[in-house]
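Before any questions on binding or motion, here is one chain by itself as structure tokens, the form predicted alone.
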Amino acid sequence: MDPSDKAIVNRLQQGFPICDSPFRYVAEELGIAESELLARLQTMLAEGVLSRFGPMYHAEQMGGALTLAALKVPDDRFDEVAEIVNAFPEVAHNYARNHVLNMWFVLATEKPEQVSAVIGRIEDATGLAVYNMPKISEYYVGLQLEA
């Protein structure tokens, strides 16, 4: 990432303006053209520098729920189980960890009572116990890159 990309990431983590031309607004703050901002974002996404660009919603304030969940997956079934878990629309993201609980994922549901139902369906589909670790407190990590 060059200094301009870092400045873009830093700026966009501070919030996205709600206005008629939000990209133009941010681009002007950064001293670049809107087309350059869009091109740099597209490049960072295409190259995997950014995994996604989009809003983050506070599920609980919208009446929903989030929970962190984990599975102890046999190594020879990891890809199979990952495919099963990722097929659930409630799974926000899923990743491998070097731990006895080697698959971790976040569940996001429209209603809090749906969390246990989805966990039950994942357990049925995988044949594995899901360890549910509901959020107790929320912390915001404000990553800022040196630009």
Partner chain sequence: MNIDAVDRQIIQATQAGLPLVAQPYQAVAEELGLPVEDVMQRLARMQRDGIIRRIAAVPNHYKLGYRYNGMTVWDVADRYVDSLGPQVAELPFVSHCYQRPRHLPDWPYNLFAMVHGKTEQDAERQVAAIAELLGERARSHEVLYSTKILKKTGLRIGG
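For clarity, every value in this text was computed on a predicted model and none was experimentally measured. Numbering follows the first chain given and starts at 1. The term rigid core refers to the maximal set of C-alpha atoms that superpose within 1.5 Å between the two forms.
As for the form predicted together with the partner chain, it is not shown, yet the points below apply to it.
The partner chain in the model of the complex comes within 4.5 Å of no heavy atom belonging to Glu28. Put simply, Ser116 is far from the partner chain in the model of the complex: not one heavy atom of it is within 4.5 Å.
Although the partner is absent here, Val49 is a contact residue: one of its heavy atoms lies within 4.5 angstroms of the partner chain in the model of the complex. At the 4.5 Å threshold, heavy atoms of Ala92 reach the partner chain in the model of the complex. Residues Val9, Leu12, Gln13, Gln14, Gly15, Phe16, Pro17, Ile18, Cys19, Asp20, Ser21, Pro22, Phe23 are the members of 2-26 with a non-hydrogen atom no more than 4.5 angstroms from the partner chain in the model of the complex. With the core superposed, Ile18 shows a C-alpha displacement below 2 Å between the shown form and the other one.
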